[in-house]
Each structure stands twice: as C-alpha cells, then as structure tokens.
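This document starts with one chain, in the form predicted alone, laid out as structure tokens.
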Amino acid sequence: MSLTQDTAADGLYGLLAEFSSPETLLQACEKVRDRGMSAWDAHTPFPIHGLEKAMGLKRSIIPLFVLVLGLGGAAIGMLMQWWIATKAYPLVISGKPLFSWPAFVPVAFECGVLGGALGAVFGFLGQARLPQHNHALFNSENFERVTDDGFFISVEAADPNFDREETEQWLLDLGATRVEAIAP
C-alpha cells in the first residue's frame, strides 16, 4: 500500500505548524526546502521579503502566458482586419490599397493588450489552482490567525517524505509553537 493510500485511510490531509515570528518561519522554510519536501506551503498575513528564496520557488510561468496570448491577440486582430478589408468587404477608398497596415495597428495593439490581460488572469487562475471552494486548512481554527498574526507551514500527507510522527517532531524541533493534524 502506498503512502498516499495509507494517509487517505487515516483521514489526514497533513500537518499545520505555527511559528511565532517571520524570522523563525523563514529559517524553518529553508530547512523544509533542504529536507526535500515537495508538497508544502508557507502561509503569512503579509508578504515576507526572501520567502520565495527560502521556499525554493521557481520563477513563475505567468509571463509566458501573457506573452503568448498577447502576441496571439495582436495577430488575430491584424488577421481579422486583413480579412475584412481584403476578402469580406473590399472597398477601394481614395485609391488606397485594400490592406493598409498602418491603419490597422491600433486595433491589433488593443487586441494584443486584451490577449495579454486574459493570459495574466487565466494563467494566474491555472497556476493557483483556482477556484477552489474549500481547502482542508480551513477546517483548522488556528489557521484563521493567518490573516491577522499567524505564521504557518503546512505539509501535505501526499509528500513522499512525509511520516506523521517524524514530521511532527521535526517541525517542533524547527521552532514551531504548535503542530496540528489536519483532516481532509
């Protein structure tokens, strides 16, 4: 039986460790990262400088979504205007060519901006796995403090390096003031 099946049978989502300050949270995040944990996250009431580095997070791919959809939007805008001006409704006005591209740049630009904005929104929603209407961490009363003055690390039971007793003791050794088991 695999680890994921064992923890699912136990009814355990993972462990939630509370830390007293941003400094202890940063140090703990570095140690969790160095231990090789893969299914974990840090939760804070405000941004903490250096947390991304301490967690070992990679650069976001959202700018790639913005670039691809922005260029795609601009290309679609230009193609749409070309088709309308040369195929669907060809009108010769004042002897100008049917496809006078400088006149079509503003619309293509705006379509590119629209595509880039949609790329940012949908790229973010996809990366954040949203919408997620309920999360197991919301079952914890202590976790409500994350919006006020709580600093937390959550370690999922699905992590290959997860062992309930060992991980709980290890989080306490890292400086956690409290470690709580979270049911799914």
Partner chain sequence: MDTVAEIDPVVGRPALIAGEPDFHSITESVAAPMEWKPPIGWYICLGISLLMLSLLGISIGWLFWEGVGIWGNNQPVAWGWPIVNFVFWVGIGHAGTLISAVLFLFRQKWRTSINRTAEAMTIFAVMCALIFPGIHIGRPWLPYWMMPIPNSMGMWPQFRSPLMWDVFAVSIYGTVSLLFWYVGLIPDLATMRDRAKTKIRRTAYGIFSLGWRGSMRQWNHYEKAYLLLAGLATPLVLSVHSVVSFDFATSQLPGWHTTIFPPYFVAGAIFSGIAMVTTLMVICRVVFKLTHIINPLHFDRMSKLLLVTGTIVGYAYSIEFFVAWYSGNPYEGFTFLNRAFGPYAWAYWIMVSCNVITPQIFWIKKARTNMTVLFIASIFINIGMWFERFVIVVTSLHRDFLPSSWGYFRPTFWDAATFIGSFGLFLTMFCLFVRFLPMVAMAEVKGTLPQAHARHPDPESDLEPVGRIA
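We call the rigid core whatever largest set of C-alpha positions still superposes within 1.5 Å between the two forms. Positions refer to the first chain, counted from 1. The shown structure was predicted, so the numbers you read here are calculated from the model rather than taken from an experiment.
Only in words, not in the display: the form predicted in complex with the partner chain, which the text now covers.
Novice: Assess the spot marked by Gln27, Ile48 and Thr147: is the partner chain within 4.5 Å of a heavy atom from every one of these residues in the predicted bound form?
Specialist: Yes, each of Gln27, Ile48 and Thr147 comes within 4.5 Å of the partner chain in the predicted bound form.
Novice: Is Glu23 close to the partner chain in the predicted bound form, meaning a heavy atom pair under 4.5 Å apart or at it?
Specialist: Close contact exists here: in the predicted bound form, Glu23 approaches the partner chain to within 4.5 Å, heavy atoms only.
Novice: Decide whether Ala157 counts as a contact residue for the partner chain in the predicted bound form under a heavy atom distance cut-off of 4.5 Å.
Specialist: Output for Ala157 is no: heavy atoms all beyond 4.5 Å of the partner chain.
Novice: Hey, in the predicted bound form, is His43 touching the partner chain, heavy atoms inside 4.5 Å?
Specialist: His43: contacts the partner chain in the predicted bound form.
Novice: Taking the partner chain as it sits in the predicted bound form, is Leu118 in contact with it (heavy atom to heavy atom, 4.5 Å or less)?
Specialist: Contact check for Leu118: yes, within 4.5 Å of the partner chain in the predicted bound form.
Novice: Using a 4.5 Å cut-off on any heavy atom, which residues of 117 to 136 would contact the partner chain in the predicted bound form?
Specialist: Ala117, Leu118, Ala120, Val121, Phe124, Leu125, Gln127, Ala128, Leu130, Pro131, Gln132, His133, His135 sit within 4.5 Å of the partner.
Novice: Once the core is superposed between the shown form and the other one, does Gln132 show a C-alpha displacement of at least 2 Å?
Specialist: Moves: no, less than 2 Å.
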